[in-house]
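Okay, here we've got a single chain as structure tokens, the form predicted on its own, with questions on binding and movement later.
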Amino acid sequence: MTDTITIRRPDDWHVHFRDGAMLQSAVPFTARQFRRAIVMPNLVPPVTTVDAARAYRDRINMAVPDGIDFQPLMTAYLTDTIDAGELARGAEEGVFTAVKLYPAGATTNSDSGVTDLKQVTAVLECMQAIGLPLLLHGEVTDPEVDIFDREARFIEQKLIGLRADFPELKVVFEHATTKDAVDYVLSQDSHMGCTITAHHLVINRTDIFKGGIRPHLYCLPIAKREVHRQALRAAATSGDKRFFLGTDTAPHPVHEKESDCGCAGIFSAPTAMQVYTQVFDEAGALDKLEAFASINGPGFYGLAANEGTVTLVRDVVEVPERVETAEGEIVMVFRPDAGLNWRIMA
């Protein structure tokens, strides 16, 4: 049994920092675990311009603790009316690393999202030409489609056609939750990538209702059946370069989670690498952890892997249930019911 593992410093290819006081509290947790992070642009108003992305990046950098080497990688929010020239300028100036597509109404602060892919054909053509990746929240938003079927339906109705129309466009299927998504990604070439969260490797939809409704396990895309969780675990631990780490960590004040219409999102940043390591350990695949956490993502984005390393040791870890924010609000920290048994060495 391996009790210590050292890997290249990992990156998180999908985070939500929010803004204001919540940003001040959220950023340090990610910066202490990861060297780089793809930052989601679903603020109010959304990040759609180079200037807005620069300003947001500056606010993030100001929240990074002294002495920690961390780089936020900024994304643009794809809307029906976004300017392709603005995206090209942002990419050329090193501001935009990718563009995020939210189907309108799919999740938190997604009301400005794309209503029809035909509206952004010219933008997608530009992105394909300059090599700017498209990051997908892969769900349809038709209210007649069952919430547990929306990811599979997105593949059928949207993604297959998108890839056929733009075969050279780099596309990331973000926070996959189904066997359908895994199977689709496995059928594609190297222009297709896929992030998998820590929490979707641990919970299935039954866990959300274990002993009552557990609002802090509610996220979008929502957790699915056990067969899908097992497919995600197999994909993540396979070593396949199309799959890489993206936590989708998404903090909310506790009163917004524990309400009559609770917000979607799981705050995993404080424990993410320990949870991933635990999953890989349970699968007998610790030798594949570095590829998933530190190699595959940079490879997809055309970046160099990090030079530094991080060491995790087998140890029982106490995790605080809630974390104070700068506004005095508290958020629940994700952890498996069985607890954590890996610790990151300082």
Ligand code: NCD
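Owing to the predicted nature of the structure, the values given are computational and were not obtained by experimental measurement. Residue numbers here begin at 1 and follow the sequence given.
The same protein also exists as the form predicted together with this ligand; that form is not shown, yet it is the one meant from here on.
Residue contact check for Leu117: none of its heavy atoms lie within 4.5 Å of this ligand in the model of the complex.
Taking non-hydrogen atoms only, Asn204 never approaches this ligand to within 4.5 angstroms in the model of the complex. Remark: Ala234 does not count among the residues lining this ligand in the model of the complex, judged by a heavy atom distance of 4.5 Å or less.
Among residues of the shown chain, Thr271 is not one whose heavy atoms approach this ligand to within 4.5 Å in the model of the complex. Figure note: of the listed segments 262-270, 85-93, 208-216, 144-152, the one touching this ligand in the model of the complex, with heavy atoms no more than 4.5 Å away, is 262-270. Of the residues Leu162, Leu220, Leu73, Leu169, just one reaches this ligand in the model of the complex with a heavy atom at 4.5 Å or closer; this is Leu220.
Though this ligand is absent from this view, in the model of the complex it lies within 4.5 Å of a heavy atom of just one residue from Ala250, Leu135, Val123, Ala181, which is Ala250. Residues His14, His16, Arg18, Asn42 are the ones in 12-47 with at least one heavy atom within 4.5 Å of this ligand in the model of the complex, listed in sequence order.
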